[in-house]
Every structure is written in C-alpha cells, then in structure tokens.
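A lone chain, given as structure tokens: the form predicted on its own.
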C-alpha cells in the first residue's frame, strides 16, 4: 500500500523503516503536518499515517477523499482529532494503535511524581554549579500517601499497581466500574470510589482517561476546590482534560501544591518542535513555566523503544489487513 506519512520525525523513519520490510508498504515521509492545506500531498496514496496533532476535521477528510485516500492510520491510541462521521461518510476507514506500551506512559507519570516530590531536577542543576545545599529540596515519603487514579484502563491499572508497590493507598475512579474494593494476589487493595471522594482524599491525582465530552476540562475550578490543599496533579493522558487557567489559579492559591504535565491543551502549536529561538506566544504555558512547582515534558511519556516498535508494527499491520481485505481489528467506528 502507498502511504503518505505526515508529521515525520527522525525516530518515525528509524522504526518504520526497520519494520516495513516485513510488510512491503511504500511510504512517503513528509515533514508537514496534515491539514486542509497539506492534504493534497497525499495524492497518489491509498492511506495517510498521522499522529496526535495532525488535523483530521471534515474539511481535511474531504480533501483526502478527493485525492483518493481510503484509509487513515493513526500511529497513536487517541482519535479525538478525527471527525469519524466525516470519514465514514466518505468511506474512509480509520485504524489506530489502541495500546503500545502502557508501562511507558505509567512509568513516566511516576517519574513526574518523583521529580516533583524530591526535586531532583533542581538538585541536578545546583550540583552542576557546585551548590550542594539542601535548602528548598524537602520532599515527602510516598509510603502511605493516598494516590487517586482517574481512568483504570491499561495505563491507569499499570500506574495504580506501581504506586501500590511504593506502599501508597490507591483510590480509583472509572465511569465503567462501580464503587468497590479490589485486592491483588499480594493482598494490596485498590478502592474504587466516586470523584468527590477521590478529590477530597487524594494527596496525588494522576489522570489516565481518554478525552471525551465528559472528561473535557474535568479538572477545572469546581474539581480543584474539592481537592486537598497541596495536592499534586499529574496528567499524561490528554491536555484538554485540565482547564489550564483554572489550575493556574489553583497553583496561585496553594490548593494545587505541584503540577506535572506531559500534555497541554494548546500543545498543537508547541510540542514536537524546537521553539527555543521563538517568542513564546502562549500566555498560559508561559505562566506555568514561571512556577517552581510545575514540571512540563513535551508529550514524551510514550517515548520508549518498546513503544515505538509496537506503534510501527501495529500501524503497518493495520494497513496490511486493509490492503489484503482482512478484518481490521483496530478500526475506529462511530459510537
């Protein structure tokens, strides 16, 4: 199958070129992100391969259909950037990578927690300047802290079990599960509760839920006012789950004690590119960068060799299944 590969990075080429000989696709790598203005670059290709910040609204999909594209392959799990109704109306099949390495994302969430808590990023910079003072580096024991996990899919479940290993108490919320108590083989317990209970009791809240109409700005003014003063909030899921101005107010008021984010609601114009020589035009992220208790990474939670291999393998297999008329088990359908 001929594939137009948008938003290409060096690591994309490395892993897709390594895996593609087993699948025999013809890939055209493009630096440009996909939008109505760049969709014409897919002319002569049966499929496009896209990432989280590519734009696949109705206008883009119409342009793709006009140049003969019949498949959209997301090399990611999320599909909130795709107008599925428009794709279905144009007869374009959408496939994705539902899970590549839940451990990669869960472990990155833990890394954010440990860094914010023990301030290792600050200590690293100090020591490089021969400053070995400990002032301002006080942290806390994770043991016996209450960790709230919102979203108990594969990533949330892996994260919850890691935190149990630290000796934390874990409260979980998932709309697909009733409030109850779970116990693993080692006797460690995860208690499923409602959101108000989780907000009021958790010392650390980690977000692992998909972006839906129900979760958009889930962490906003109302939610933050229910949280324990000094709560740590971690987001490695989707940027729009956090209302950024609301969390900035929470930081200024001291309700939010620290914030670690790998995603950001306006990340489309920022992440996956070098802006070090540019003036930062986004006032919200500029404000976040002024807080000493905020840690931001640029959507790198997925970024491990294991995950990149799996993304390439599943994406290429998805397209091979479509090419050969097999059932596309990773197809994204409306509803």
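Numbering follows the first chain given and starts at 1. Here the structure is a predicted model, which is why all the values come from computation and not from measurement.
Here the subject shifts to the form predicted in complex with a small molecule, a form of this protein not shown in this document.
Within 4.5 Å of the small molecule in the model of the complex, a heavy atom is found for every one of 105, 209 and 302. 214 is the sole member of 214, 253, 183, 131 with a non-hydrogen atom within 4.5 Å of the small molecule in the model of the complex. Between the options 242, 116, 263, 73, the residue in contact with the small molecule in the model of the complex by a heavy atom within 4.5 angstroms is 263. Comparing 136 to 144, 255 to 263, 119 to 127, 86 to 94 against the small molecule in the model of the complex, the single stretch with non-hydrogen atoms within 4.5 angstroms of it is 255 to 263.
Heavy atoms of residue 153 reach within 4.5 Å of the small molecule in the model of the complex, making it an interface residue.
Looking at residue 167, you'd find every heavy atom of it more than 4.5 angstroms from the small molecule in the model of the complex.
Mapping the unseen interface onto this chain, residue 229 falls outside it, with no heavy atom inside 4.5 Å of the small molecule in the model of the complex.
Not displayed here, the small molecule is approached by residue 98 to within 4.5 Å at the level of heavy atoms in the model of the complex.
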